[in-house]
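Encoded as structure tokens, the following chain is the form predicted alone, with no partner shown.
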Amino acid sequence: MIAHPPVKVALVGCGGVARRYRKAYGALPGVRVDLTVDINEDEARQAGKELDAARHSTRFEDALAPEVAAVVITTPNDLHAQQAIASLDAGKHVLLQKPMAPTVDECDAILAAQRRSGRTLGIYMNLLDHPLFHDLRRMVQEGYLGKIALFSARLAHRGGLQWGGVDRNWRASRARTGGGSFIQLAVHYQHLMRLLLGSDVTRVQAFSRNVACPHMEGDDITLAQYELSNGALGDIQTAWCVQEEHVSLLGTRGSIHYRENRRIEYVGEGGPFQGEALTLRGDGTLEVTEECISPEWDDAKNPYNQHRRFFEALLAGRPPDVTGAEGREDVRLVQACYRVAQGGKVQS
């Protein structure tokens, strides 16, 4: 067996959510962090120290050095297109934090750069780290829930109540995010809805408001409804001013609900089913072998860790779990929901 040299990686953006997963790069097989980049030099230095990187920098341009093979971009939305295009044009593979970009036009420009370069482009969606959602996909495919009639999800936290004042968070800017809570949060469950149901969205309607965060330019709460090509309906709610999270699948033979990233509820006829995160007994009741909490984002041993999965796909020459085309579709749906919320007409 031929041993290949490790893929040299530049981590661009080491603070914020990157703190939750950057340590995984110290344990990913076939990968070595060569460079850490952040506008905060202390952050870049600390990340480099954690990962035994060869160097750290405050300049994005250093990630385009010849020795770097792949760039992992975790920066504010408005920098995604500029940095991804430059990386791809420099011959680098790219793993890009969701959402892909603030607008579909920028997504198209990134995809054009990918086609020019022939390199791999993936979108990082941490929700897919969780084995539970892979169990749910299998349950749908194998008919345990019957015909799915409704997908429902809510992702809400109160972070927006504090994102103002002197240290105004970039998420408070409509221009920098491409909207507000909805573009930041809905992409997770829009993608999951399409993945679990194996269906495209055909129409949307939505309502979007800022009800409690006047210091922010975009929405702090949005409700969107979806019609899918298989006949199912979906609803997704996002917020930055209230707290709650759940995802539900309702089918003709059973319904399953996952609440606050820890509690599973099931009602139905199904079973037996043996998954990685849950078990259905033969009588259709639910057995949870342990509290069903999402894996840590920096758990490189998790076979579904999306950083691990991206580089496994890269080394194997197969497409990443979430492609640029899929990232573009999530942004397209977000923009469609914003348009209908503003204009009051259902979008096809």
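The first residue of the sequence shown is number 1, and the count goes up from there. Model, not experiment: these values are computed from the prediction.
Just so you know, the form predicted in complex with a small molecule exists too; it's not on screen, but the next bit is about it.
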item	value
Residue 13: touches the small molecule in the predicted complex, heavy atom cutoff 4.5 angstroms	yes
is_contact(residue 325, the small molecule) in the predicted complex, heavy atom dist at most 4.5 Å	no
Touches the small molecule in the predicted complex: residue 40 (any heavy atom, 4.5 Å)	yes
Residue 222 within 4.5 Å of the small molecule in the predicted complex, heavy atoms	no
Options 206 to 214, 230 to 238, 181 to 189, 133 to 141; stretch whose heavy atom lies within 4.5 Å of the small molecule in the predicted complex	181 to 189
Heavy atom within 4.5 Å of the small molecule in the predicted complex - the one residue of 126, 114, 255, 152 that qualifies	126
One residue of 79, 90, 250, 197 in contact with the small molecule, assessed in the predicted complex (non-hydrogen atom, 4.5 angstroms)	79
Non-hydrogen atom within 4.5 Å of the small molecule in the predicted complex for each of 65, 120 and 310	no
